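There is one chain below, alone, in structure tokens, taken in the form predicted alone.
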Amino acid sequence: MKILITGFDPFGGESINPSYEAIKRIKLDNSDIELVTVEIPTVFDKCIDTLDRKIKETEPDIVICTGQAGGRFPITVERVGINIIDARIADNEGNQYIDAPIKSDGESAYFSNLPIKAIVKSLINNKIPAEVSNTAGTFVCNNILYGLLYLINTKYPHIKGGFIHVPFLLEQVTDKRNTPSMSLETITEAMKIIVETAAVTETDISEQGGAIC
């Protein structure tokens, strides 16, 4: 089985992005998995094109995109990507779209077909804080999630895919009071568990993972 996993380059004034730092350090126990890691630009128009090109090049069975969610405490496994960009800040090339669709011919939303609840359970069983998230925001993380699911629904129906948000690293919050963070070692271990769980889980489990608000 081949799994393509992506992380973003730094954005928003940060000098590091924990998503890419973690995925490039993954060491798998399952030798049946071929893992391909790719850094994706934090740029609205380029990130989906880069991902599409890498999918064509590598022909993966599963695609897992990852990104930074500064301010979140746990690892969050995203359920849905929505067809909107509403950028609070500019991307890395200065683009700041407001209320713009990601794909004019796309559905309003697409749902991840990763085993999201099995992934959360595996992380919690390994004492890593995790939960299902019902919003990936409206910035480039949601953009790549929606773009991936659009590609799955229109070009690559055999692929499973979704998106994982990770917290800031410890060194990113030294000047951010009361902001959650997680060690790089823990995030890397989480990524390993996510990859291996996605590889062996055909059907997701049915457990409570919703939110009141």
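Start at 1 with the first residue shown and count on from there. Since the structure is predicted, the reported quantities are computational estimates derived from the model, not experimental observations.
The same protein has a further form, the form predicted in complex with another copy of the chain, not shown here; the description that follows concerns it.
Contact with another copy of the chain in the predicted bound form, defined as any heavy atom within 4.5 Å, is confined among 53-61, 28-36, 154-162, 183-191 to 183-191. Of the residues 92, 113, 122, 138, just one reaches another copy of the chain in the predicted bound form with a heavy atom at 4.5 Å or closer; this is 138. Another copy of the chain is not shown here, and in the predicted bound form it never comes within 4.5 Å of any heavy atom of residue 1.
Contact between residue 105 and another copy of the chain in the predicted bound form is not found at the 4.5 Å heavy atom cutoff. Among heavy atoms of residue 41, none comes within 4.5 Å of another copy of the chain in the predicted bound form. Interface membership of residue 48, defined by any non-hydrogen atom within 4.5 Å of another copy of the chain in the predicted bound form, is ruled out. Taking another copy of the chain as it sits in the predicted bound form, the stretch 76-90 comes within 4.5 angstroms of it through a non-hydrogen atom at 79, 80, 82, 83, 84, 86, 87, 88, 89.
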